[in-house]
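Both blocks below hold the same protein chain, though in two forms, and each is given as C-alpha cells: structure 1 and structure 2.
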Structure 1
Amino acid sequence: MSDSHLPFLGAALAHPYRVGLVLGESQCRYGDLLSVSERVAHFLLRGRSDLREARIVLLAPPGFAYVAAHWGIWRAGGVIVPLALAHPVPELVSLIEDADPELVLVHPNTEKRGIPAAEACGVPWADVVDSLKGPPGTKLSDLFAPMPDAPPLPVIAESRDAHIIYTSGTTGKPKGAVTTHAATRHQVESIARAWEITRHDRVLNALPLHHVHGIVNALLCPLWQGASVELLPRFDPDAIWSSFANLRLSIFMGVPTMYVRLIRAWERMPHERRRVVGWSAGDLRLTISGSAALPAWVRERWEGITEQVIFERYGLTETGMVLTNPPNGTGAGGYVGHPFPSVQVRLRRDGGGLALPGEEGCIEVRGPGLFREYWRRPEETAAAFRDGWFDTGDRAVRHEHNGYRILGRESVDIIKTGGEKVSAFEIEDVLRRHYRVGDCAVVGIPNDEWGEQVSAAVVITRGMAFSTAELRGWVKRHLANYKAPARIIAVDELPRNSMGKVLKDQVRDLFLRAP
C-alpha cells in the first residue's frame, strides 16, 4: 500500500486489524480505512500526481464514508472543507463560493441541498459513495483490498494546508480558518497528552463533523492514537444512554445542549432503566463539555445522576484547544482550567499591558497549533494577531489555582451599560439557577441613556407562570443592581447553531422587533 507519510496514518499502519470505527452493529478496522481512503485519493487524483492543496468540500453525515473521504482527501494532497449538513442551499452557496473548491463531495443523504448548491456555484460534484469504490468496475469483494498496481500517492509536507473549517458565525459572517498538517498534529498531540488518550480508549462521537470539536477532538485525536470511535449518525439521547449501558465506552465529549437533552431523556425513563443507565455512565473515564458555557445546574444534575464530573475546556476554530480542567474531576465549576501542553495564554488589559491574577482581560493565545490565516482575508488575518499572539476576542479572569473563568466575547457577551462592563455569562448563570427558568440568553440592546440596556430572553419551565419582577429581583439578590435585566421576554426556545451555541444576533433582533 502506498504511504503518503502523513502522521495520522501511523496508528493505522501499525495496527491494521485494530477496530477504528464502530457504526451501530458494524465495526471497521484501520486497515479498511487505509484501503478505502486510498481508493478515494485515486478517485480524486484522476491520474494526477498531487491535488496540490485543491479544496474539496465534503458534505456527508458522520459514518464510514465521511472518515474514508476525509483521509482520502488528505492522502491525495487536498484540503478538506467540511460543511454543516443543516445549512440551507443559500448558505451552502455562500460558503462554497468563498472556499472556491475543485469539487463538492455529496452523500445520498445530502444531495438534495448539496447538488443544487454546487451547480449554483458552477462547481463539479461527485457522490462520495462512488469515490469509495475506486476505479470503474471494482468488485464489492475487492473494496477493502489493497491496490497493488496503483501509482504512489504524494508525499505531503506538514507545512501544507490540511483543512479549512468555517467559524460558527455567532458574531458575524463565517470565516474560513486555514490550518496546516503540522498545526493539526500539534493540536492532536496536545489533547492526547492533557486528557491521557491512548489506544485503549473508546470515544463516543455524536458531534457534528464540520467543527473542531467533532473533527479534531472526538475523531482525529482518538484515531491518531489507535483508539476506537463509536460514530452516531446524529445526536440521539436514547441511543447514547444505551451506549453507556453497554459499558463499552471510556470517553464522551459533548456540548451543554447535549447534556441538557440527555438529562431530560433520563428523567422520562422508567425508574429501573434510569438506575441502570445512570450507574453505567458513571463508568466513563471522561465526560467533557465545550463550545459553550456549561450551566451550573447541568453540571450538578449530571453529577447527581451519574456521579460523573463534567469537566470543561475552552478552544476556538482558529486555535484548537486552549484551556482545560484536569481530567481527574478536581476543576472548579465555572472555570476552564489552565493551558494545554504547548499552548501559551495571556490576558491583555484594555489599556495595554498584562492583567494580574483576579483582573479581567482579553485572552490572547500563542503556540504551534494555531491556524495559518483566514481564507482569502489578509486584512482580517493581520488584525487578529498582535506580535505573534492571536486575539481571541474573549474576555476572562485568571485565578491562581482554578485557572481561567470565561466572561464572554468582547463584541457579544460584554455589555457596556452606564459606564460599567457586565458579563452576560454571569447574569445567565444566575438566571438559570431560578426554578422557573429552563434556559436564557442575555444581550445588550442600544439605549440612548445607558449605552446598552441589559436584556434577557428566557425559556420558562413548562407549566409555570412568568414574572419579570420576580426574575429581576432574583438577579438583584445575587448581583449588583445594574446587572439586573431591564427587559425580559419569554421565548419558546433560543436560536442556536448546530454546535448548540446561542445565536445572540438573532436574540438581539427579538428585542429590536419587540414593541
Structure 2
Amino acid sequence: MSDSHLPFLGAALAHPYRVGLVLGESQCRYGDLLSVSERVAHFLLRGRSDLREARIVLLAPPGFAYVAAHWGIWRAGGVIVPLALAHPVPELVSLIEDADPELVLVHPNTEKRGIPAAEACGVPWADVVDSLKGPPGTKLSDLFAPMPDAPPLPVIAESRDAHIIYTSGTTGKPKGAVTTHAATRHQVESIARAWEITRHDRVLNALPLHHVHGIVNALLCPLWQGASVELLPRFDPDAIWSSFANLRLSIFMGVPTMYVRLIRAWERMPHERRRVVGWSAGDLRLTISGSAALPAWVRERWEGITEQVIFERYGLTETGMVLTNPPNGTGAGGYVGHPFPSVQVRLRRDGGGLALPGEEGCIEVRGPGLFREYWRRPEETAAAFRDGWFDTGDRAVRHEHNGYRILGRESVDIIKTGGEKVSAFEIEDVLRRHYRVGDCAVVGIPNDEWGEQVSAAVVITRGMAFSTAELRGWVKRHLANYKAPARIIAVDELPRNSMGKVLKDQVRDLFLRAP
C-alpha cells in the first residue's frame, strides 16, 4: 500500500486490525479505511499524480463513506470542503460557487439537493459510494483488497491546505476558514494531550460532520490516536442512551442542546431504564460540552442523573480548541478553564492594553493551530487579526484559579442556536426579499433548549396579512432550516437611533416583553 506520509495515518498503519469505526451493528478496521481511502484517492486523481489542493466538496451523512472519502481526499492531495446536510439548494449553490471545487461528492441521501446544486454551478459531481470502489471498472467485491499495481499517492507537505470549513461572520455570507495539515495536527495533538486521548478510548460521535467540533475533536483526534469512534448517522437521544448502556464507551462530546435533549429523553423513560442508562453514562471517562455556553441547570441535572460532571471547553472554527477545564471534573461551573497546550490566549481591554485578572476584555488567540485565511477573502482575513493575534469577538473575564469565564459576544449580529453559529444579516437579507416584508431585524433571544433562538421583528408591507409559517418557509427555502426564525413578531417600525441604525437591544426587549 502506498503511503502518503500524512501523520493522521500513523495509527492506522501501525494498527490495521484495530477497530476504527463502529457503525450500528458493523465495525470497520483501520486497515479497511486505509484500503478504501486509497481507492477514493485514485478515483479522484484519475491518473494524475496529485490533486494539488483542488477543493472537493463532500456532502455525505456521518458514516463509513464519509470517513473513507475524507481520508481519500487528503491522500490524493485535495482540500476537503464538508457541507451541511441541512443546506437547501440555493445555499449549497452559493457555498459551492465560493469554494470553487473541482468535484462535488454526493451521497444517495444528499443527491436530491447536491446534484442540482453542483449542476447549477457547472461543477461535476460523483456519488461518494462509487468513489469507494476506486478507478472505474473495479468490482465491489475488491473493495477491501490491496491495489498492488496502483501508482504511489503523493507526498503531502504539512504546509498545504487540509480543509475549508464554512462559518458565519458579522458580515454577509459564510466565509470558508482554510486550515493547513500542520495546523490540524497541532489542533489534534493539543486535544489529545489535554484530554489524554489514547487508543484505548472509544468515542461516541453524534455531531454533524461539517464543523470543527464533529470533525477534529470527535473524529480526527480519536482516529489519529488509534481509538474507536462510534458514528451515529444523526443525533438521536434514545440511540445515544442505548449506546451508553450497551457499548463500552469512554468519551461523549456534545453541544449544550444535545445534553438538554438527552435529559428530556431520560425523563420520559420508565423508572428502571432510567437507572440503568444513568449509571452507564456515569461510567464514561469524559463527558464534554462545547460550541456554546453550558447552562448551570444542565450541568447540575446531568450530574444528578449520571453522577458524572460535564466539563466545558471553548473553541472556534478558526482556531480549533482554545480553552479547557481539566478533564478530571475539578473545573468550576460557568468557566471554560485555561489554554490548551500550544495555544496562547490574551484578553484585550476595551480601549487598548491587556485586561488584568478579574477585568473584562475580548479574547485573542495565537498559536500553530490557527486557520490560514478566509478562503479568497484577504481583507477579511487581515481584519480578523491584530498584531498576529486572532480576534475571537468573544468577551470574557479571567480569574487566576478557574481560568476564563465567557461573558458573551461583541456583536449582537452573531447568534448561537443549538451550537450553530448564524448571522443575523444573512437571515435579514433573505427576509427582506419576501414581498410581504418591508423591513426586519433579527436577534438571538435566550432559550433553555437552544441557548439562543433566532427571532425576527418584521415590518409588514402595508395592507398585507402576516403568516409566521410562510416567512419561516421562505427562509428555509433559501437557508439551512436552523436559520429560520423560531419566533416572528410584526411591528409598525423598528427602533432606530438618530443615525437610522436599528437598536438591536430594543428589538430584543420586544421579544422579552412579548407573551
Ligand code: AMP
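Remember, predicted model here, so these are calculated numbers, not experimental data. For numbering, take structure 1's sequence and count from 1. We call the rigid core whatever largest set of C-alpha positions still superposes within 1.5 Å between the two forms.
Comparing the two isolated chains, structure 1 is the one taken from the form predicted on its own; structure 2 is not. Rigid-body analysis between the two structures: the smaller part rotates 146° against the larger, C-alpha superposition.
Superposed on the rigid core, the forms differ at L471: its CA is offset by 28.6 Å between the two structures.
Here the two forms are laid over each other by their core, and the C-alpha of R508 is off by 5.7 Å between the two structures.
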